[in-house]
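Starting off, we have a lone chain in the form predicted alone, written out as structure tokens.
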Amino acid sequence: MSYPSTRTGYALGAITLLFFGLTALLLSNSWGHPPARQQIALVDKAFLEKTPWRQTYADLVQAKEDMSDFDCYGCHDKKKPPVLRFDAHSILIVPEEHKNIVMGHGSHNRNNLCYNCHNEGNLETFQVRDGHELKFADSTQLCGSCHGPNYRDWEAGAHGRINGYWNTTLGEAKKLACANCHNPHAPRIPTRNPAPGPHALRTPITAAHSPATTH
């Protein structure tokens, strides 16, 4: 039976002590603590909001809201279309009864005319350029009668938004109407700040920790 030499025993003992020493150093964090992880701010929930900005006529009907504001002939005479009035600069004067409406359809005043969309012969419908009437619930088709390229993009899903599920076996996919985002009387959407880009999830390299460079 052979035994390891004394020199080999010393070597194994030294290696064992070295491993124990390194373990103690690691457990005691003798080399300092790593830099604290950068706190990542959460995205503003407004960027994740999927509730439409506006409700359309069809939305109000479905929600069984009070529709008395759409009863035009509760005030107007069916036999006499309302007379439109303009100021000295040919700008439409919005009647006091409709003072909540701000006209701003386009970059000029030629589109700020009620009867471009509303049917003067039947105030409870819309009229398009070819003369046929549309119900209030069909406002998107009215928009498409003038804004053809946007309407085609909307039909294809490139313009506007769809709420719900891409996989319709999991639930409903509802395409929003033009009036869910655009105010028909002033359709320009207010400017919004873009959502922040993706976070790298790592501490950025500062000048103090950047590798040395040579010139």
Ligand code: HEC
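We number the residues from 1 along the sequence you see. Every value quoted in this text rests on a predicted model; they were computed, and no experiment measured them.
What follows is about the form predicted in complex with heme C (HEC), which we do not show.
Student: Would residue 181 count as a contact of heme C (HEC) in the predicted bound form, using a 4.5 angstroms cut-off between non-hydrogen atoms?
Tutor: So residue 181 counts as contacting heme C (HEC).
Student: Should residue 188 be counted as a contact of heme C (HEC) in the predicted bound form, where contact means heavy atoms within 4.5 Å?
Tutor: Residue-level check for residue 188: yes, a contact with heme C (HEC).
Student: Taking heme C (HEC) as it sits in the predicted bound form, is residue 176 in contact with it (heavy atom to heavy atom, 4.5 Å or less)?
Tutor: Residue-level check for residue 176: yes, a contact with heme C (HEC).
Student: So in the predicted bound form, does residue 161 come within 4.5 Å of heme C (HEC), heavy atom to heavy atom?
Tutor: Close contact exists here: in the predicted bound form, residue 161 approaches heme C (HEC) to within 4.5 Å, heavy atoms only.
Student: Let me know which residues along 122-147 have a heavy atom within 4.5 Å of heme C (HEC) in the predicted bound form, or say none if there are none.
Tutor: Going through 122-147 in order - heavy atoms within 4.5 Å of heme C (HEC) in the predicted bound form - the hits are 123, 126, 129, 136, 139, 140, 142, 143, 145, 146, 147.
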